[in-house]
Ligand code: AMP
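Before any questions on binding or motion, here is one chain by itself as structure tokens, the form predicted alone.
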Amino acid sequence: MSLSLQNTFTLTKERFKPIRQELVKVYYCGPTPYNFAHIGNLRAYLFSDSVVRTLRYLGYKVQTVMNVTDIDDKTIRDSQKEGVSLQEFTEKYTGLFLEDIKHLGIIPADMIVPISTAIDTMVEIIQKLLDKGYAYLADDGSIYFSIKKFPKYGQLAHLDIKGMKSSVRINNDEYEKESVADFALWKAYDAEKDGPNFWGAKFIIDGKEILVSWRPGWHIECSACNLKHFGPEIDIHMGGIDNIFPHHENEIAQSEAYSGKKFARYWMHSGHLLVENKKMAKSAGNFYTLADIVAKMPNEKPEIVYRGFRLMNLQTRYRESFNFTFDRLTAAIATVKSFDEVLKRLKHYTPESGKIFRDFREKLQEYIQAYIEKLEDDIGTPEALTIVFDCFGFINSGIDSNSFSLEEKNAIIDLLHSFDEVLGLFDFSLLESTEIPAEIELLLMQRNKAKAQKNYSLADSLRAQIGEGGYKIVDDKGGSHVEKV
């Protein structure tokens, strides 16, 4: 295998070499469940899905972990606004997020970890950072990480620290990208903001046991999830480009200061999602959830919209900015429907049994080899799709000329299943046999007879009757058949 990945840390494309060949550890940042995920959030999970699917497709045994940031400034704030417990609030939006990724064919992480389940590990990390001098208790009652104690700070984001705004410390979970400051590992309790949401933790500081109440900071949560489930070293860490700084930069600092080991061997990030070439924002009227884009396409079934959106993402290099437009979504839906039509043609194509010819076998081998080569080049899904499109042309041409044997038809279906291990686009239920009502079959026979006799008015009348019964006639070179509308 010769998989190459673009490493954000080195800004170069590197050959992938896992820490242990027998198991690849992959972590990606999960949602903060305080509202519906928007399509920009979902783009990052479609990217992660493509990476994991590709690794498994290439034969790697992969284990994945995703956190759920159920303790956060926003989850605490909004749960109190709704007048419900933090757990009830975050479980509601976590469930809605999991529904969205299911709609998009995203394979869930092997372990989905609410960070509230990793508090003990966070306390362990913070205590060791205190012991090693990387962390300190500030006069505001919070514990901070001292970035000046970590000389490598800024290497992931390639920061010019001297050219950035500098402050002593920042207590908020998220802050300006231009700021560089000590960040909170554990926050002091603020009764006005936090209400009933706080966790007490005891830390040994300067030889004294001190109780620090409230909750962990945002960044320590991911480090704890990794340490708890993977240990101090992982192979790949993924996320959206917005997470590079400060979140991932801070993860590296606290994780490596704790363990003394390189935290992640490869860092991978997806590009921005724009809407009509503008940054998505509610104030701009271009802020969309998955449900929103389904609602904007009332003439399409939700399932086809989900597949169209998935295809749009696969058609764009994951590192590039992705410009969402409804025209592009419409075009992607049309492409998905064309895939479906080929599967329907395969279903109704009934060739004679025969051998698989050498030139046919070599053709399929060329397709699969080219497909793998595209994916091995930094998860090149746009390029891999060009191979798939060419293959569909080959399939249509073979059906038109009735040149495939039954065994070759089955080999084609196997090839499409192979492609879809990464793409997750094809509806193979279309290949399953469906029972057509006898009265519809009779109408089809009468229509075909009328058409052969050039009684077109009767043929059209019978077509209309079939349509009223919820079916449509498909005329193909192999004959005519009906399909459920």
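Position 1 is the first residue in the sequence shown; the rest follow in order. Because the structure is predicted, anything quoted here is derived from the model rather than measured.
A second form of this protein, the form predicted in complex with the named molecule, is not displayed here; the remarks below concern that form.
K.L.:
Counting any heavy atom within 4.5 Å as contact, can you tell me which stretch out of 448-456, 43-51, 56-64, 422-430 lines the named molecule in the model of the complex?
P.N.:
One stretch meets the cut-off, namely 43-51.
K.L.:
Might Gly380 be said to contact the named molecule in the model of the complex, defining contact as any heavy atom within 4.5 Å?
P.N.:
Outside the cut-off, so no.
K.L.:
Should Gly240 be counted as a contact of the named molecule in the model of the complex, where contact means heavy atoms within 4.5 Å?
P.N.:
Heavy-atom contact with the named molecule at 4.5 Å: present for Gly240.
K.L.:
So, in the model of the complex, is Gly141 in contact with the named molecule at a 4.5 angstroms heavy atom limit?
P.N.:
Looking in the model of the complex, residue contacts with the named molecule do not include Gly141, since no heavy atom lies within 4.5 Å.
K.L.:
With the cut-off set at 4.5 Å between non-hydrogen atoms, does Ile372 touch the named molecule in the model of the complex?
P.N.:
Answer no; every heavy atom of Ile372 is more than 4.5 Å from the named molecule in the model of the complex.
K.L.:
Could you spot which one of Arg169, Arg77, Lys279, Arg361 gets a heavy atom to within 4.5 Å of the named molecule in the model of the complex?
P.N.:
Filtering the options by heavy-atom distance leaves Lys279.
K.L.:
Of the residues Leu385, Leu273, Ile125, Val212, which one places a heavy atom within 4.5 Å of the named molecule in the model of the complex?
P.N.:
The option sitting close enough to the partner is Leu273.
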